[in-house]
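As structure tokens, one chain now follows by itself in the form predicted on its own.
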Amino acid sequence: MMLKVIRPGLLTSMQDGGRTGFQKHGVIVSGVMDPFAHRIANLLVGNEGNEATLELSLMGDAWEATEHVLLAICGADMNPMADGVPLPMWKPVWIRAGTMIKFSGCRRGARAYVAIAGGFQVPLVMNSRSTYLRAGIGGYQGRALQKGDELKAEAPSERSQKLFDYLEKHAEGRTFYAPDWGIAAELFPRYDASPVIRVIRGNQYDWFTEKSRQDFFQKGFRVNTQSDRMGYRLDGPVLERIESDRELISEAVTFGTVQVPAEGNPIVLLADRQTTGGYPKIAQIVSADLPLIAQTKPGDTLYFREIAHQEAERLLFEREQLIQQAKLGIQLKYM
């Protein structure tokens, strides 16, 4: 055992890159909401980048470290503390056995990600360790963490073990110890309560009236309280179709698809989205901005800005370059 849940958060589940390849059988992808924070947290502790992490939503947990542990916390700032002392984020941290790790409400962003060296020890279900909450499969017993749960880690990689040994050696009796390096603040996304989300046009963009298309790009949309990992319901200008009785045969949807039901309030489909959708799609959020939408919460206001496919591809390429540079820089620290 490595971590014991003393107090569960609002919704903490184990997630990885998702359960791909099974949508044709009606199995949703699931996976992390913020893939950037998830990957960086894994890299910081010496994992390859897709081991399962804990995704903490809005209000964090309290855990006891029952063994010495190497972890990294990325994503939303939930004021993490170790025995009452603030824990650094976006860098690896060695924590002594017996330490109480506590998170509180979000000060910035909506979801924090915690990776541990070696990754969490849970079985693969259809090639993924992600929790599919509605079906009760994957992750830790197919559900969110509860009080008394005991989490174990897989054996650490050689890189993880080297860093673990280095940090433990320099801890010198302290509750925790972190190196003087980490991910620079200017490199990770800015989690804003009023983000501008970049999109490309959806397949049915031309189904909407000119006024609705203008409103979509010029006015704000507030995240409704009826929102979850499946989708964000947005309140704002009602988006009307040119032909209100025109029907659409269900077709594939993906993370970031913005569809509009008949009443005119858009829904952004997220990690736990269904496999197909039958509402017209006005836009698709570009991959590089998925972390921004994932880190908004009910009450936040979104603004959409149209960009071209080529720019969306460039942004994703730049993001991947940044991750690869970070990965190389981190690996050099382990040598």
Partner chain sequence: MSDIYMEPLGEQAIIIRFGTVIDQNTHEKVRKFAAWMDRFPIPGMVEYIPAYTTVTVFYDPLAVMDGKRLDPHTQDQMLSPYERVKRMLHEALEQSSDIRPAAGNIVEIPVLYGGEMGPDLAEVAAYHQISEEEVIRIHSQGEYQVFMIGFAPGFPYIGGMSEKIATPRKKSPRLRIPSGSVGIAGTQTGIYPLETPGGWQIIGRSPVSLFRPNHNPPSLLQAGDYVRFIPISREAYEAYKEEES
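Residue numbers count along the first chain shown, from 1. Not measured: the values here are computed from a predicted model.
One more form of this protein, predicted in complex with its partner chain, exists but is not displayed; see below.
Colleague: Does the 4.5 Å heavy atom contact test between Glu247 and its partner chain in the model of the complex come out positive?
Modeller: Because a heavy atom of Glu247 falls inside 4.5 Å of its partner chain in the model of the complex, the answer is yes.
Colleague: With a cut-off of 4.5 Å between heavy atoms, is Leu58 one of the residues that contacts its partner chain in the model of the complex?
Modeller: No, Leu58 sits far enough from its partner chain in the model of the complex that none of its heavy atoms falls within 4.5 Å.
Colleague: May I ask you to state whether Lys102 is within 4.5 Å of its partner chain in the model of the complex, using heavy atom distances?
Modeller: Because no heavy atom of Lys102 falls inside 4.5 Å of its partner chain in the model of the complex, the answer is no.
Colleague: When the contact criterion is heavy atoms within 4.5 Å, does Tyr132 count as touching its partner chain in the model of the complex?
Modeller: Residue-level check for Tyr132: yes, a contact with its partner chain.
Colleague: So which stretch, 77 to 85, 202 to 210, 186 to 194, 168 to 176, is the one near its partner chain in the model of the complex (non-hydrogen atoms, 4.5 Å)?
Modeller: Heavy atoms within 4.5 Å of its partner chain in the model of the complex occur in 202 to 210.
Colleague: Gln121, Ser128 and Asp149: each with a heavy atom within 4.5 Å of its partner chain in the model of the complex?
Modeller: No: none of Gln121, Ser128 and Asp149 comes within 4.5 Å of its partner chain in the model of the complex.
Colleague: Identify, from the list Arg159, Arg233, Lys91, Arg96, the residue with a heavy atom within 4.5 Å of its partner chain in the model of the complex.
Modeller: Of the listed residues, the single hit is Arg233.
Colleague: Taking its partner chain as it sits in the model of the complex, which residues of 307 to 325 have a non-hydrogen atom within 4.5 Å of it? Please list them.
Modeller: His309, Gln310, Ala312, Glu313, Arg314, Leu316, Phe317, Glu320, Gln321, in sequence order.
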